[in-house]
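This document opens with one chain alone, in structure tokens, the form predicted alone.
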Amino acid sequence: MKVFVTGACGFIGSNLIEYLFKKNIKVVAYTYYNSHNSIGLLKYCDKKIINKIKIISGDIRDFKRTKSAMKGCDSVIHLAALIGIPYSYHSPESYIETNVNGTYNVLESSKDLGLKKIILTSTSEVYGSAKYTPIDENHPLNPQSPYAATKISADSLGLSFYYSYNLPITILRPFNTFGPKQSMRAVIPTIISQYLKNKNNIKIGNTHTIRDLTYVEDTSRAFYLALKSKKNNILGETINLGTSYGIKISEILKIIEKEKRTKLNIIKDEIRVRSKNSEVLKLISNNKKAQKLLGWKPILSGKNDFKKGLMKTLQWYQKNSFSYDVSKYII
């Protein structure tokens, strides 16, 4: 098996490649081309991994380049996307080009090349504010941001290729994933970075939102299980990935205070506060479908396990000096 991973230079992508390498899966890592020849977050991977995998730079929006890079692979895990919700308010067209057109390029290339397995990555943001919890896959879709709208479009496009062309497509829908190497745009690295730099002054947006936070190794394992599955019952299916445990952002801050025996000074940053109609207040997953179809349950689940994952994440940022001015990443 040789799998083509788009978005390999990102948070989940770089962690997933480490996981697949440990499972002896051959990988072609598709990274976003830049003039600095940077491989993004893959640079934090062990050098023996970088030396063993094939890395190809390109742009998911470029059909010819993407199709050419996919040749020789029999599977694809499509992670590449623009993900920052606040920036989607300012530049929705760029999200359409990357998240929708980019997904089309992967689907069309997969069809032309006859790939045996296609795994698309969705997001819990497609559900919007919960009508009920825990949220199962039948929950109504409610795009409360341009980002969410493009991900719904990409999911629908994927399903249309399954029904129209019988493409072997599975959609995995992670709820909030956290762990080492995550961008400062996400809430946990935002908190950790400021804690490591300032020790007590934390600028943050809404602390009352509730999120279902899955440690990135658990998320990676779900992708691996979907990739290796020989069951046809996962084809054409959308599967939630989450712990089924929700935690308030304010509680995350309290855990750090308790574990580090410190007192944090919380400063509300209005720039980070989403508008009332766009804010998603509560996201908690129902992961029974993942249990049934993939045999997947998160290893780290519940408050005590979340605390373990949070401390592992904090230690990684501390060790790698992955701390910088979060004010540069507000949108």
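Just so we're clear, the structure is a prediction, and the values are computed from it rather than from any experiment. Heads up: residue numbers just count along the shown sequence, starting at 1.
The same protein also exists as the form predicted together with a small molecule; that form is not shown, yet it is the one meant from here on.
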_Residue stretch of 68 to 76, 119 to 127, 154 to 162, 256 to 264 approaching the small molecule in the predicted bound form, non-hydrogen atom distance within 4.5 Å_ = 119 to 127
*asked:* Within 4.5 Å, heavy atoms only, which of 229, 176, 109, 244 is in contact with the small molecule in the predicted bound form?
replied: 176
*Please pick, from 29, 60, 283, 294, the one residue with any non-hydrogen atom lying within 4.5 angstroms of the small molecule in the predicted bound form.*
60
_Does any part of residue 17 reach within 4.5 Å of the small molecule in the predicted bound form? Heavy atoms only, please._
no
*If you check in the predicted bound form, is residue 194 within 4.5 Å of the small molecule, heavy atoms only?*
no
*Indicate whether the small molecule has at least one heavy atom within 4.5 Å of a heavy atom of residue 80 in the predicted bound form.*
yes
*Taking the shortest heavy atom distance, is residue 9 within 4.5 Å of the small molecule in the predicted bound form?*
yes
*asked:* Please determine whether each residue of 13, 98 and 182 possesses a non-hydrogen atom within 4.5 angstroms of the small molecule in the predicted bound form.
replied: yes
